[in-house]
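Presented as structure tokens, the chain that follows is alone, the form predicted alone.
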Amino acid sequence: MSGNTEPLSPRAKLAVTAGRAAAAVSRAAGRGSGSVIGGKVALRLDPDLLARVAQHLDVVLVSATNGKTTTTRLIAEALRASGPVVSNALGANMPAGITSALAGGSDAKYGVIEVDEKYLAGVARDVTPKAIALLNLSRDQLDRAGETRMLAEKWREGLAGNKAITIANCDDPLIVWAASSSPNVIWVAAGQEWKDDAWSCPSCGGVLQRPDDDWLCADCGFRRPAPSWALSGDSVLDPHGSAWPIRLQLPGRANKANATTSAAVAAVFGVPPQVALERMYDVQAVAGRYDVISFQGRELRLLLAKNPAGWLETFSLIEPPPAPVILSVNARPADGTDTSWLWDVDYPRLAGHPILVIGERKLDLAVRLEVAGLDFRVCETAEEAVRQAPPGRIEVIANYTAFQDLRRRVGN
């Protein structure tokens, strides 16, 4: 945590300089922001650099299957009310990207860091965070991240004895199981729309009971803890029972949940809920998510959905029929190469929408939509899909690399 302002060693300074140079070369070559390659070069020269560049910061780590990039951005905006913030705002959330981001924050007071689920325990060990925010766990990239219960157990082991304050979603049994080993937990009732990965008790394997918004295991007694903070309609309820209105430009219930957790995190750092929530209103889009752009004379809204839970939340955001929808799915390593998750998505919710299908795995998606009994058209390119779409703003839903491909294609 903050307080240690020991200057960087010559080796660490050399590593930071080399990393910045590598990042600059990458950007000049048109290969992205360069943050990942810059961090890899820097860590190769100084394997302890992540700990060194975080030593002067009050750090909050944010991890989840869905919503971590947006929540990181909301927390960063809230904490800027109290001092300068450094953050990996573009989502480079593995150790190399995190190191690269923090190396640019020598004058910052706070570090607000999104962390890939697989790396949470290791990053928490290196940066000694003041707070850790845990939002949700559901199936995602099973070929890379593994089964959700195994991931929750790794978190549980990694958080045991960690002195950070853990801000955790009490509505997700997997999150509660993971966070329960932490000695200091603030529970937030942020909700859980997707429940299909949390019907069995993570503690004993029994079947969870779910009366109303509660959940419990009749076999071992593991149950939902009482929250200190809660999302209630369009307001955040703080530990004193006061209601603070949520006013966001970001759409949907999931982002209200993200704002609720962010307000709880901000309070740990001394930022009052009213101030934190007011600052969150300034966030209009996050790394292209929710952007409305013009392409071929049409308006397109770009929405990211990477797994069944994310698609479920995204379906609640789109305009009702007959709004046209373009769906795009890839299966590159960054997405996870296993597309079996498509069968868990509730695509019948798109009934009535004109649907255009693109992406490298458009035929996999087409088979899934055919089984769902939906009308759709397969297109070769985004341009063809836009031309084929009937009038109205087009809702574009894409998984990770398909989303990035579309952003580049439409010049955003």
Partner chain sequence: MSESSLRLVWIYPDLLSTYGDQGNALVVERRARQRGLDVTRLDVRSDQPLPTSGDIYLIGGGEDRPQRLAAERLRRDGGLSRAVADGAAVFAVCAGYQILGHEFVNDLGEREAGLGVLDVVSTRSGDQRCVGDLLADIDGTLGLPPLTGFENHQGITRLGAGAKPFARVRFGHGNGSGDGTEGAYSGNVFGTYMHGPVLARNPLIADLLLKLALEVDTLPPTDDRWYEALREERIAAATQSA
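Quantities reported herein were computed from a predicted structural model and do not represent experimental measurements. Numbering follows the first chain given and starts at 1.
This next part talks about the form predicted together with the partner chain, which is not shown.
- Any idea which of 382-390, 64-72, 365-373, 48-56 reaches within 4.5 Å of the partner chain in the predicted complex, heavy atoms considered? Looking at the partner contacts, the answer comes out as 365-373.
- Query: Within 4.5 Å of the partner chain in the predicted complex, heavy atoms considered, which of Pro202, Gly97, Gly158, Pro324?
  - Reply: In short, Pro202.
- Task: Just give me the single entry in Lys256, Lys306, Arg139, Arg289 that has a non-hydrogen atom within 4.5 angstroms of the partner chain in the predicted complex.
- Result: Contact check passes for Arg139.
- Task: Mark Thr337 yes when one of its heavy atoms lies within 4.5 Å of a heavy atom of the partner chain in the predicted complex, and no otherwise.
- Result: Because a heavy atom of Thr337 falls inside 4.5 Å of the partner chain in the predicted complex, the answer is yes.
- Item | Distance check, Gln209 to the partner chain in the predicted complex, heavy atom within 4.5 Å | Within the cut-off, so yes.
- Message: Can you work out whether Asp282 and the partner chain are in contact in the predicted complex, taking contact to mean some heavy atom pair no more than 4.5 Å apart?
- Response: Looking in the predicted complex, residue contacts with the partner chain do not include Asp282, since no heavy atom lies within 4.5 Å.
- Query: How about His353: is it within 4.5 Å of the partner chain in the predicted complex, going by heavy atoms?
  - Reply: Because no heavy atom of His353 falls inside 4.5 Å of the partner chain in the predicted complex, the answer is no.
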